[in-house]
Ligand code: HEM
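Shown below, as structure tokens, is a lone chain in the form predicted on its own; questions about how it binds or moves come after it.
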């Protein structure tokens, strides 16, 4: 039986990798050269913290997986199994790649080794590859033959789209908090511009999640609807879809009501109520997306047919 503590470890790993890619992706597409320096520094620091958390969580996940496979609490037996995993399996290879990439992310985000835009672009590219390595540790690696590449590709697209959403929401929450306490309207202007920019990108993200999620469902569970209600995996998947629907409703409210309201408020100079409303919605949407990550952490431990 798998260790239940593996769920919070997997949650920390998923969240860290999503932020390690999603935050620099947000900075790349939403922050221009006139972005607030304090907010940019905060996002760099959060990216570095996410990378460190990802390294630690990767270590715990590997150890717990090896201990489960060894069926022993003996550290020596667990270490021998972990060494086999690292040296002789695709999971181990991608684990090493992930840890090395996360170390690079932490270094680039912390040290000013290049111009800011170059660092952001490098963080987004490296973070994307690090996040994609999760595909080899999940159900995306269960297919064989030609279907294997389709499954892995769909899994990677799903991971990257989710990473963009997670990183953008966390960044918008930070900016909304700054806008709610700032004496001037610049943070509110940045929030309005960033929220509007993500509204357009969000359509692409949602489409990528729906298409890749459908492919994954067909390859893992199949077209049978009964699998959704007769198995624990299916019921958790239904819960995930329900939470995702709530996220879509909030995202639609942000795009068509709250973001335009903030843009109008900026013209009148009274932004407090509009910022507060958008901030509440962003917090709720962020809570829901981390709820999805909790469910995904559990799904990855289950046999879909059990």
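Positions refer to the first chain, counted from 1. The structure presented is a predicted model; accordingly, all values stated were derived computationally and were not measured.
Omitted from view is the form predicted together with the ligand, to which the following refers.
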Suppose contact means a heavy atom within 4.5 Å; in the predicted bound form, does that hold for all of 6, 9 and 60 with the ligand?
no
Sole residue of 259, 48, 237, 65 within 4.5 Å of the ligand in the predicted bound form, by heavy atom:
237
Just to be sure I understand the contacts: of 120, 162, 188, 126, which is the one whose heavy atoms reach within 4.5 angstroms of the ligand in the predicted bound form?
162
Taking heavy atoms and a 4.5 Å cut-off, does residue 91 contact the ligand in the predicted bound form?
no
Proximity of residue 213 to the ligand in the predicted bound form, heavy atoms at 4.5 Å:
yes
Close approach of residue 241 to the ligand in the predicted bound form, 4.5 Å, heavy atom
yes
If you check in the predicted bound form, is residue 247 within 4.5 Å of the ligand, heavy atoms only?
yes
Quick check for you: of 93-101, 152-160, 70-78, 110-118, which stretch puts a non-hydrogen atom within 4.5 Å of the ligand in the predicted bound form?
152-160
Scan 270-300 and note down the residues that get a heavy atom within 4.5 Å of the ligand in the predicted bound form; none is a fine answer too.
289, 292, 293, 296, 299, 300
